[in-house]
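One chain is shown next in C-alpha coordinates, namely the form predicted on its own.
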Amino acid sequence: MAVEIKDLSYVYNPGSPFETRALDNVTLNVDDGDFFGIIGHTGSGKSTLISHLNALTRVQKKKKLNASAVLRVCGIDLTAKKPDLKSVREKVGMVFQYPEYQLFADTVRQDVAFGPKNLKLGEEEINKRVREALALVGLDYAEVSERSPFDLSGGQKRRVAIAGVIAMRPELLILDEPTAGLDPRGKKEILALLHSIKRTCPTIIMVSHNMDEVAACCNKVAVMSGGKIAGVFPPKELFARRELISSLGLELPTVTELAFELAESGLDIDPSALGEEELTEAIAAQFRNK
(Lines give C-alpha, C1' and ligand atoms only; values in the text may rest on other atoms or scores of the structure.)
Protein backbone atom coordinates (compact mmCIF):
# COMPACT_ATOMS: atom_id res chain seq x y z
CA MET A 1 0.00 0.00 0.00
CA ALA A 2 1.42 3.39 -1.00
CA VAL A 3 -0.37 5.46 1.64
CA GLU A 4 -2.12 4.36 4.83
CA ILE A 5 -3.79 7.04 6.95
CA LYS A 6 -5.96 6.46 10.01
CA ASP A 7 -7.46 8.99 12.43
CA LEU A 8 -5.13 11.81 11.35
CA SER A 9 -5.94 15.30 12.64
CA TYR A 10 -4.20 18.66 12.39
CA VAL A 11 -4.95 21.94 14.16
CA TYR A 12 -3.63 25.34 13.12
CA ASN A 13 -2.97 27.88 15.91
CA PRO A 14 -3.87 25.45 18.72
CA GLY A 15 -4.96 27.06 21.98
CA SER A 16 -5.48 30.46 20.39
CA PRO A 17 -8.67 32.31 19.40
CA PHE A 18 -7.77 31.45 15.81
CA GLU A 19 -7.61 27.69 16.36
CA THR A 20 -8.73 25.85 13.23
CA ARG A 21 -9.04 22.11 12.73
CA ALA A 22 -7.77 21.55 9.19
CA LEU A 23 -7.87 17.74 9.34
CA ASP A 24 -10.43 15.90 11.43
CA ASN A 25 -9.77 12.18 11.98
CA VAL A 26 -8.94 11.53 8.34
CA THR A 27 -8.76 7.88 7.31
CA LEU A 28 -7.64 7.11 3.76
CA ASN A 29 -5.79 4.41 1.82
CA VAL A 30 -4.03 4.77 -1.54
CA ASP A 31 -3.06 1.49 -3.18
CA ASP A 32 0.12 0.91 -5.17
CA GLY A 33 -0.57 1.77 -8.80
CA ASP A 34 -3.45 4.18 -8.13
CA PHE A 35 -3.89 7.45 -9.97
CA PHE A 36 -5.69 8.96 -7.01
CA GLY A 37 -7.60 12.23 -7.09
CA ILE A 38 -8.32 14.47 -4.10
CA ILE A 39 -11.01 17.12 -4.54
CA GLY A 40 -12.83 19.60 -2.34
CA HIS A 41 -13.55 23.29 -2.04
CA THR A 42 -10.93 25.78 -0.83
CA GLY A 43 -10.25 25.21 2.88
CA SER A 44 -11.42 21.60 2.87
CA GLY A 45 -8.01 20.32 4.02
CA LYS A 46 -6.49 19.05 0.76
CA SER A 47 -3.20 20.96 0.96
CA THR A 48 -2.71 20.20 4.65
CA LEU A 49 -3.27 16.52 3.95
CA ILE A 50 -0.80 16.18 1.09
CA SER A 51 1.84 18.20 2.95
CA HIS A 52 1.83 15.41 5.56
CA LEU A 53 2.70 12.81 2.93
CA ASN A 54 6.30 13.95 2.50
CA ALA A 55 6.64 15.27 6.08
CA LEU A 56 6.61 18.96 5.12
CA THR A 57 3.93 19.07 7.80
CA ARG A 58 4.71 16.82 10.74
CA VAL A 59 2.14 14.81 12.64
CA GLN A 60 1.02 16.76 15.71
CA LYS A 61 1.24 14.90 18.99
CA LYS A 62 -0.42 17.08 21.62
CA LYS A 63 -2.47 15.67 24.48
CA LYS A 64 -5.00 13.30 22.90
CA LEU A 65 -4.56 14.60 19.34
CA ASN A 66 -3.38 11.80 17.05
CA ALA A 67 -2.84 9.40 19.95
CA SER A 68 -3.87 6.49 17.73
CA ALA A 69 -3.07 8.05 14.35
CA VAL A 70 -1.45 6.04 11.55
CA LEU A 71 0.47 7.72 8.73
CA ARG A 72 2.54 5.32 6.65
CA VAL A 73 3.84 6.43 3.24
CA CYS A 74 5.85 4.11 0.98
CA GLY A 75 6.44 1.89 4.00
CA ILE A 76 7.77 4.75 6.19
CA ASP A 77 6.09 5.47 9.53
CA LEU A 78 5.66 9.25 9.67
CA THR A 79 4.20 9.15 13.17
CA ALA A 80 7.55 7.96 14.52
CA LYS A 81 9.48 10.31 16.77
CA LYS A 82 12.32 10.45 14.25
CA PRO A 83 11.02 9.28 10.86
CA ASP A 84 13.50 8.53 8.09
CA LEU A 85 13.12 11.86 6.29
CA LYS A 86 15.90 11.09 3.80
CA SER A 87 13.98 8.06 2.57
CA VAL A 88 10.78 10.09 2.47
CA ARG A 89 12.41 12.68 0.20
CA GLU A 90 13.72 9.92 -2.07
CA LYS A 91 10.46 7.99 -2.30
CA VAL A 92 7.88 10.80 -2.33
CA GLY A 93 8.05 13.47 -5.02
CA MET A 94 6.01 16.65 -4.58
CA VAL A 95 5.12 19.01 -7.43
CA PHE A 96 3.62 22.14 -5.92
CA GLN A 97 1.14 24.47 -7.57
CA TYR A 98 3.05 26.74 -9.99
CA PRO A 99 6.24 24.63 -9.65
CA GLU A 100 8.05 26.87 -12.16
CA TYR A 101 8.36 29.43 -9.35
CA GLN A 102 10.75 26.98 -7.66
CA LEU A 103 13.26 27.03 -10.53
CA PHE A 104 16.50 28.62 -9.42
CA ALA A 105 19.59 27.31 -11.27
CA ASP A 106 21.48 28.95 -14.13
CA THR A 107 20.69 26.14 -16.56
CA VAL A 108 17.97 23.56 -17.07
CA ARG A 109 20.49 20.75 -16.59
CA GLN A 110 21.60 22.12 -13.21
CA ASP A 111 18.04 22.55 -12.05
CA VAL A 112 16.98 18.99 -12.93
CA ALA A 113 20.22 17.60 -11.47
CA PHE A 114 19.76 19.29 -8.09
CA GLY A 115 17.74 16.47 -6.49
CA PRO A 116 19.91 13.59 -7.71
CA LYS A 117 23.02 15.46 -6.52
CA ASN A 118 21.52 15.69 -3.05
CA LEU A 119 21.17 11.92 -3.14
CA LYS A 120 24.98 11.80 -3.48
CA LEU A 121 24.79 9.94 -6.79
CA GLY A 122 27.76 9.69 -9.15
CA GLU A 123 28.09 12.16 -12.02
CA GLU A 124 27.33 9.51 -14.64
CA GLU A 125 24.12 8.47 -12.90
CA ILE A 126 23.08 12.10 -12.42
CA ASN A 127 23.54 12.87 -16.10
CA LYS A 128 21.61 9.75 -17.05
CA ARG A 129 18.69 10.74 -14.84
CA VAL A 130 18.65 14.31 -16.17
CA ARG A 131 18.51 13.10 -19.77
CA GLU A 132 15.81 10.54 -19.00
CA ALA A 133 13.68 13.00 -17.02
CA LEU A 134 13.83 15.69 -19.71
CA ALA A 135 12.94 13.13 -22.38
CA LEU A 136 10.00 11.91 -20.30
CA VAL A 137 8.53 15.41 -20.05
CA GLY A 138 8.99 15.95 -23.78
CA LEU A 139 12.00 18.27 -23.79
CA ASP A 140 15.05 17.80 -26.00
CA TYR A 141 18.23 17.62 -23.89
CA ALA A 142 20.45 19.07 -26.60
CA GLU A 143 18.07 21.97 -27.14
CA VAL A 144 17.31 23.04 -23.55
CA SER A 145 19.94 21.62 -21.18
CA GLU A 146 22.26 24.65 -21.25
CA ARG A 147 19.53 27.26 -21.52
CA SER A 148 18.33 29.30 -18.56
CA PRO A 149 15.03 27.89 -17.33
CA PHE A 150 13.78 31.47 -17.07
CA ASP A 151 14.05 31.91 -20.84
CA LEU A 152 11.57 29.09 -21.50
CA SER A 153 7.84 29.34 -22.07
CA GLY A 154 5.45 28.84 -19.15
CA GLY A 155 4.63 25.28 -20.20
CA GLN A 156 8.30 24.42 -20.69
CA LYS A 157 9.18 25.81 -17.26
CA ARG A 158 6.55 23.59 -15.69
CA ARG A 159 7.94 20.59 -17.56
CA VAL A 160 11.44 21.35 -16.26
CA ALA A 161 10.13 21.63 -12.71
CA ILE A 162 8.35 18.28 -13.04
CA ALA A 163 11.50 16.75 -14.57
CA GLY A 164 13.43 17.80 -11.47
CA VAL A 165 11.06 15.73 -9.33
CA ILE A 166 10.98 12.78 -11.72
CA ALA A 167 14.78 12.66 -11.74
CA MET A 168 14.58 11.56 -8.10
CA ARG A 169 12.65 8.49 -9.33
CA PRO A 170 9.99 8.65 -6.63
CA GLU A 171 7.71 5.73 -5.84
CA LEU A 172 4.88 8.19 -5.14
CA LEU A 173 4.33 11.42 -7.08
CA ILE A 174 2.06 14.10 -5.59
CA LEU A 175 0.73 16.86 -7.84
CA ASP A 176 -0.99 19.96 -6.47
CA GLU A 177 -3.14 21.56 -9.21
CA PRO A 178 -0.72 20.54 -12.00
CA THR A 179 -2.41 22.61 -14.74
CA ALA A 180 -3.13 25.77 -12.72
CA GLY A 181 -2.60 28.94 -14.73
CA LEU A 182 -2.01 27.22 -18.06
CA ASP A 183 -3.94 27.94 -21.25
CA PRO A 184 -6.10 25.14 -22.75
CA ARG A 185 -3.27 23.90 -24.94
CA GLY A 186 -0.84 23.85 -22.01
CA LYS A 187 -3.36 21.99 -19.85
CA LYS A 188 -3.86 19.35 -22.54
CA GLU A 189 -0.09 18.89 -22.89
CA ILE A 190 0.44 18.49 -19.14
CA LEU A 191 -2.38 15.93 -18.89
CA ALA A 192 -0.83 13.90 -21.72
CA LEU A 193 2.48 14.19 -19.89
CA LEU A 194 0.97 12.81 -16.68
CA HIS A 195 -0.24 9.70 -18.50
CA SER A 196 3.33 9.18 -19.77
CA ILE A 197 4.79 9.68 -16.31
CA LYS A 198 2.38 7.09 -14.89
CA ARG A 199 4.25 4.42 -16.85
CA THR A 200 7.42 5.10 -14.84
CA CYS A 201 6.07 6.43 -11.54
CA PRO A 202 3.93 3.68 -10.01
CA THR A 203 1.53 5.78 -7.94
CA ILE A 204 0.25 9.33 -8.43
CA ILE A 205 -1.89 11.51 -6.18
CA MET A 206 -3.38 14.60 -7.80
CA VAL A 207 -5.17 17.49 -6.11
CA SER A 208 -7.32 19.42 -8.56
CA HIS A 209 -10.28 21.78 -8.78
CA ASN A 210 -10.68 20.79 -12.44
CA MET A 211 -13.15 17.94 -12.60
CA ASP A 212 -12.44 17.30 -16.29
CA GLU A 213 -8.85 16.47 -15.34
CA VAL A 214 -9.92 14.25 -12.46
CA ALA A 215 -12.34 12.37 -14.71
CA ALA A 216 -9.69 11.94 -17.43
CA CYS A 217 -6.86 10.74 -15.17
CA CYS A 218 -7.98 9.18 -11.91
CA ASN A 219 -9.20 5.69 -11.06
CA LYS A 220 -10.28 6.73 -7.53
CA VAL A 221 -11.30 10.08 -6.08
CA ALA A 222 -11.42 11.16 -2.43
CA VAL A 223 -13.83 13.98 -1.62
CA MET A 224 -12.82 16.28 1.26
CA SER A 225 -15.11 18.65 3.16
CA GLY A 226 -14.49 20.42 6.45
CA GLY A 227 -11.26 18.53 7.06
CA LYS A 228 -12.96 15.16 6.70
CA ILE A 229 -13.13 12.53 3.97
CA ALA A 230 -16.71 12.60 2.68
CA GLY A 231 -16.10 9.47 0.63
CA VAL A 232 -13.89 7.71 -1.91
CA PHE A 233 -15.45 6.86 -5.26
CA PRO A 234 -14.64 5.65 -8.76
CA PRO A 235 -15.02 8.73 -11.02
CA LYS A 236 -18.15 7.42 -12.77
CA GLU A 237 -19.91 6.84 -9.47
CA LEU A 238 -18.81 10.18 -8.05
CA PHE A 239 -19.85 12.32 -10.98
CA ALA A 240 -23.20 10.59 -11.23
CA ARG A 241 -23.90 12.19 -7.82
CA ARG A 242 -24.78 15.63 -9.12
CA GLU A 243 -26.24 16.85 -5.81
CA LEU A 244 -23.14 15.85 -3.85
CA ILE A 245 -20.83 17.70 -6.25
CA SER A 246 -23.07 20.78 -6.11
CA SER A 247 -23.21 20.70 -2.29
CA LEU A 248 -19.41 20.81 -2.18
CA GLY A 249 -19.30 23.91 -4.36
CA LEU A 250 -17.66 21.99 -7.20
CA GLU A 251 -18.57 21.61 -10.85
CA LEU A 252 -19.18 18.46 -12.83
CA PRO A 253 -16.88 17.54 -15.72
CA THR A 254 -18.06 19.35 -18.84
CA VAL A 255 -19.00 16.10 -20.58
CA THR A 256 -20.97 14.88 -17.56
CA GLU A 257 -22.87 18.15 -17.24
CA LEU A 258 -23.78 17.96 -20.93
CA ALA A 259 -24.91 14.35 -20.48
CA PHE A 260 -27.23 15.38 -17.62
CA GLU A 261 -28.71 18.18 -19.73
CA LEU A 262 -29.29 15.84 -22.67
CA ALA A 263 -30.91 13.27 -20.37
CA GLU A 264 -33.18 15.97 -18.92
CA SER A 265 -34.16 17.00 -22.45
CA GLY A 266 -35.49 13.50 -23.09
CA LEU A 267 -32.59 11.61 -24.66
CA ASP A 268 -31.78 8.17 -23.24
CA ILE A 269 -28.29 9.15 -22.09
CA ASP A 270 -26.36 7.79 -19.11
CA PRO A 271 -25.10 10.91 -17.25
CA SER A 272 -22.24 8.91 -15.75
CA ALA A 273 -20.60 8.62 -19.20
CA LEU A 274 -17.29 10.37 -18.59
CA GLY A 275 -15.47 10.47 -21.90
CA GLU A 276 -16.21 12.49 -25.01
CA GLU A 277 -16.13 9.30 -27.09
CA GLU A 278 -18.60 7.57 -24.75
CA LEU A 279 -21.01 10.49 -24.89
CA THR A 280 -20.67 10.88 -28.67
CA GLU A 281 -21.43 7.19 -29.15
CA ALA A 282 -24.43 7.39 -26.81
CA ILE A 283 -25.84 10.36 -28.76
CA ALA A 284 -25.23 8.63 -32.10
CA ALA A 285 -27.01 5.50 -30.82
CA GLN A 286 -30.11 7.59 -30.10
CA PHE A 287 -30.41 8.54 -33.75
CA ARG A 288 -29.48 5.11 -35.12
CA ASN A 289 -32.38 3.64 -33.18
CA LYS A 290 -34.92 6.06 -34.63
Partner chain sequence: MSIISVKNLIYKYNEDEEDEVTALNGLSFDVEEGEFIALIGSNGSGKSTLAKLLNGLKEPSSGTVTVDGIDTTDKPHIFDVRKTVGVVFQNPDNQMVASIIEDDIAFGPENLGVPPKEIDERVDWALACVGMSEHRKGTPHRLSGGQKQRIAIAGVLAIKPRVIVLDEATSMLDPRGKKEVMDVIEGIRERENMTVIMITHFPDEAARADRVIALDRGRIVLDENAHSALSDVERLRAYGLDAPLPARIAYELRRRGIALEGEIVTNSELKEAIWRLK
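Residue numbers count along the first chain shown, from 1. Please read these numbers as outputs of a predicted model, since none were measured by experiment.
The same protein has a further form, the form predicted in complex with the partner chain, not shown here; the description that follows concerns it.
Although the partner chain is omitted here, in the model of the complex none of 138, 199 and 230 has a heavy atom within 4.5 Å of it. The partner chain is not drawn, but in the model of the complex it has a heavy atom within 4.5 Å of residue 267. In the model of the complex, residue 251 approaches the partner chain with a heavy atom inside 4.5 Å. Among residues of the shown chain, residue 30 is not one whose heavy atoms approach the partner chain to within 4.5 Å in the model of the complex. Not displayed here, the partner chain is kept clear of residue 89 by more than 4.5 Å at the level of heavy atoms in the model of the complex. For the residues 121, 76, 182, 191, the 4.5 Å heavy atom test against the partner chain in the model of the complex is passed only by 182. Taking 244, 70, 59, 258 one by one, only a single residue has any non-hydrogen atom within 4.5 Å of the partner chain in the model of the complex, and it is 258. Only one of 95-103, 164-172, 141-149, 215-223 places residue heavy atoms within 4.5 angstroms of the partner chain in the model of the complex, namely 95-103. Residues 18, 41, 42 are the ones in 14-52 with at least one heavy atom within 4.5 Å of the partner chain in the model of the complex, listed in sequence order.
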